[in-house]
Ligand code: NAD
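Single chain ahead, by itself, as structure tokens, in the form predicted alone.
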């Protein structure tokens, strides 16, 4: 793991422990070449500290690529707090984490992520200014992430139709995970008349969503890959697009909000062989980062909408490059990000 940190040129990896609070956290700064490293704080249980480190390394690198591809004046970073078993004082943990963030003097700016909320960011903000997405600033980024994901699909329907990638006149979408992002993608799709299929490992969440939105169809988690829809939209965990699931996926288009959706480069050939268009996640799901980046601007909402509007255009250009040159879409996206990184 240490050799990987050096080989992939991570700028800084910081570990923090406060046994009294039950706080163990890792902050990774991948790059500050374009500006301070901004990235969310993940609060999650891990099987081991090595698993936590592996997760935060991948996520921080993806944030660098996401910010660069979206043309933001930001670098990439990420944090994880390893959630302990049993009881704990949530406020004390996030205050302690905020003190950790403050020690980095603005090289890393934290925000909301899996397992954390705008209220948690408010607590962090009591001890450091290097935080975005606080409840008091109405900084929940998930609606903006969902907006970018949905527009990447909806604004390109004519393009997909011309390719023969849509099965009928009414678009259909299968959404894996109906958390903060997936649920909002589903709502946007329903509003536009899509046939919407959803799955989640949380049955209570599914039942509540179905009650609010009777137009959706619930699909068992293990069957969501085999659903015969136009678009598969992963909005849960990473690595969900892999050789095993690709043997089952029926959709011709994969565009979703989850981070690190591909298990690795072994997916490139399989995507090509099945003629599946994959929208690189760090391009598609940049809306939340754009929202957070705009927080202190005078014209924040207008700037945010302008930048999010570029996401579906960028996705289409990536698809066109992929189809004309035979280059995997993720590699096209990486070329865009690396060019912007200089």
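We call the rigid core whatever largest set of C-alpha positions still superposes within 1.5 Å between the two forms. These numbers come from a predicted model, not from an experiment. Numbering follows the first chain given and starts at 1.
There is another form of this protein, the form predicted together with this ligand, and it is not shown here; the text below is about that form.
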Here the chain appears without its partner; judged in the predicted complex, the stretch of 129-137, 243-251, 116-124, 257-265 with heavy atoms within 4.5 Å of this ligand is 257-265
Heavy atom within 4.5 Å of this ligand in the predicted complex, from candidates 186, 80, 109, 235, belongs to 235
Residue within 4.5 Å of this ligand in the predicted complex by heavy atom, from 147, 156, 199, 172, is 199
Find out whether any non-hydrogen atom of residue 180 is located within 4.5 angstroms of this ligand in the predicted complex, and reply yes or no. yes
Next on the checklist: Considering non-hydrogen atoms and a 4.5 Å limit, does this ligand approach residue 210 in the predicted complex?
Outcome noted: no
Next on the checklist: Given that this ligand is not shown alongside this chain, does residue 64 nevertheless sit within 4.5 Å of it in the predicted complex, heavy atom to heavy atom?
Outcome noted: no
field: Any non-hydrogen atom of residue 60 within 4.5 angstroms of this ligand in the predicted complex
entry: no
Applying a 4.5 angstroms cut-off on non-hydrogen atoms, the residues of 206-224 near this ligand in the predicted complex are 221
Classify residue 293 as shifted (yes) or not shifted (no) between this form and the one not shown, where shifted means its C-alpha moves by 2 Å or more with the rigid core superposed. no
Practice problem: Would you tell me if residue 59 moves between this form and the one not shown by 2 Å or more at its C-alpha, with the rigid core held superposed? | Solution: yes
